[in-house]
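In structure tokens, the next block holds one chain alone, the form predicted alone.
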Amino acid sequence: MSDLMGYGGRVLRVDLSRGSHSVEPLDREMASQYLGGRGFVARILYAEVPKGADPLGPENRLVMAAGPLSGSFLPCSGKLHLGARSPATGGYGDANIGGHLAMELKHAGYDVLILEGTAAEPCYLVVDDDLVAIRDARDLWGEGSFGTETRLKDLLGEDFQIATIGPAGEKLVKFACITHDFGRQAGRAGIATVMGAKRLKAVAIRGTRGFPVADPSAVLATGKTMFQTIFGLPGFREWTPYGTAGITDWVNQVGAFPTRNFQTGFFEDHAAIGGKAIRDRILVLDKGCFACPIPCGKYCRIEVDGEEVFVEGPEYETVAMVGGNCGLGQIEAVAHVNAVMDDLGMDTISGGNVVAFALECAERGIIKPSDTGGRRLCFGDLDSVLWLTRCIAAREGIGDLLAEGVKAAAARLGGGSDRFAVHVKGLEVSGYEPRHAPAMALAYMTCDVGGHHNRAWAITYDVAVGRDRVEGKAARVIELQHLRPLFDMLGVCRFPWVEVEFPPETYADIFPAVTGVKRSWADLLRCSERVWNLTRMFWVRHVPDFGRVWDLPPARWTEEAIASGPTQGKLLPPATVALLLDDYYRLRGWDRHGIPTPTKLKELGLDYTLTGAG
């Protein structure tokens, strides 16, 4: 057992090309400077992925990392971070997953699992404390995510926690996702695509070792107090019944609900697909991750062709991107697509975005009946959405092109489709229409994996301080980009803070009880800033022309006014974009092209990135 408090103290490295593995001690300096989780992922990827490495090649790394608070039995301490050079964007890519994987990895005595090389044949990895084995998965290849998890639990035992890919990952769909616990996903940036390229069907982990904490009594007492505090907060009672889908009505009300491929921010059928519709029509039970007192998961049942289908969700992002963005106005239809995408192993955010893009291309005659075997595709039609989803996952017909994502598909399709391909840095944008929300737009533009909301969910700030206001928006986005990713480094969920308003600074008080090291809140945020700059330098290293142009928003936002609803007529003028980026770069200590300056890098202890050294 490690003497490094709060950590398993070991790194497990698996070489799939050689069929071998090794165990290394966790580097203390890395733990001090990068904390864990997202920090470990970023540091290892920068150090080990060679410049120019093919994201789908053996030199790419797939890194899974827990944080110092993961598995500690503190509330919501079940988060695992995963990352690789993204096949979707070519730059830095990561995703976060709940469930029970992080706890199991830590209790097996590991903080990090590094996967390198490429297996000759499909395989799966078993980690059972000190037992590490690569096993034949040829009979699982082609199986859906849910079937794979069921079969491996039947084979290995219910106490193994399992991450799987579906057919979309096997076929190298650029927005494939990893699925765990029959409904938790590491969805963004194509991390499962890397897993598929390595011919790794699944990872199964069981841990019984535990890990040391500095003050077990204090951790127990603090955890108990946190649980009691969360249960007593007003947000707890408001949040728990509906989970993330509970914000659907609000987002639509403020004109930010993506509808029909972001043509507008208002969906007339929003009430039929939101949190209340889920609870009233399809909910079976609430479901939480490890040590979760505020279960956001909604385990649901629908009937399809006379058969029961169960799915965890839809979460808000699926409601937005599969529902409003594809024009589906019934919760049963949204849940049906959710279940299909989950089983195929496809990110519902990018999946919904790509399908909506294809529907608009069909509406405009860019995708022709000859491309679809004569099938008519249209918004609001469940059969159209399901047909496209299955074609993409199988890479059949037009689905082969769409599987590359909207940026690549638009470049091939032409016809002006690049003007309504809604992405940033090649990653499809998630569920908020930001043409009248400059902070949210900037959050998308500068997110270090591409068009994702979870680094800086800034739309509430836009609404609170004024949506036409530009001043101060960059400062707030930067503040959020340090705060929100810090939870990913610590290995805990941010929902206690975001949804029930638990004070985030409390984690600075918790940190020494787990690790034995006193860190101020400002010091922890400084670690997060270090990682933000490191991921930026990953892009600089791997993308030859990287700079300001990669931070520009989709053309639809700057050239086309919102068509209807509360924000009708609004757009994001190029002059506003320029002001936002100039302010953001200045406050970050980056140059006008968006590259961190040597002064800033040295200040953060990132001198090694100036030469590109690991």
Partner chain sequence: MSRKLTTTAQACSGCRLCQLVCALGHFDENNVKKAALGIRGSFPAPGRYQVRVCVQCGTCAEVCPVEAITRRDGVWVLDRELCTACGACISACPWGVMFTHPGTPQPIKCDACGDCVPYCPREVLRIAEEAEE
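Numbering follows the first chain given and starts at 1. Treat the numbers as computed from the prediction; the structure is a model and nothing was measured.
The same protein has a further form, the form predicted in complex with its partner chain, not shown here; the description that follows concerns it.
Checked against its partner chain in the predicted complex, the candidates 469, 281, 135, 237 yield a single residue with a heavy atom inside 4.5 Å, and that residue is 237. A heavy atom within 4.5 Å of its partner chain in the predicted complex is found for one listed residue only; from 453, 395, 287, 519, this is 287. Highlighted residues 72, 150 and 213: every one comes within 4.5 Å of its partner chain in the predicted complex, counting any heavy atom. Contact with its partner chain, judged by heavy atoms within 4.5 Å in the predicted complex, is confined among 264 to 272, 165 to 173, 429 to 437, 224 to 232 to 224 to 232.
Heavy atoms of residue 181 reach within 4.5 Å of its partner chain in the predicted complex, making it an interface residue. Taking the partner from the other structure, its partner chain in the predicted complex has no heavy atom within 4.5 Å of any heavy atom of residue 380. At the 4.5 Å threshold, heavy atoms of residue 416 stay clear of its partner chain in the predicted complex, well away from it. Taking the partner from elsewhere, residue 483 is found to have every heavy atom lying beyond 4.5 Å of its partner chain in the predicted complex. Shown here without its partner chain, the chain has 288, 289, 290, 291, 292, 293, 295, 299 in 288 to 305 lying with a heavy atom within 4.5 Å of that partner in the predicted complex.
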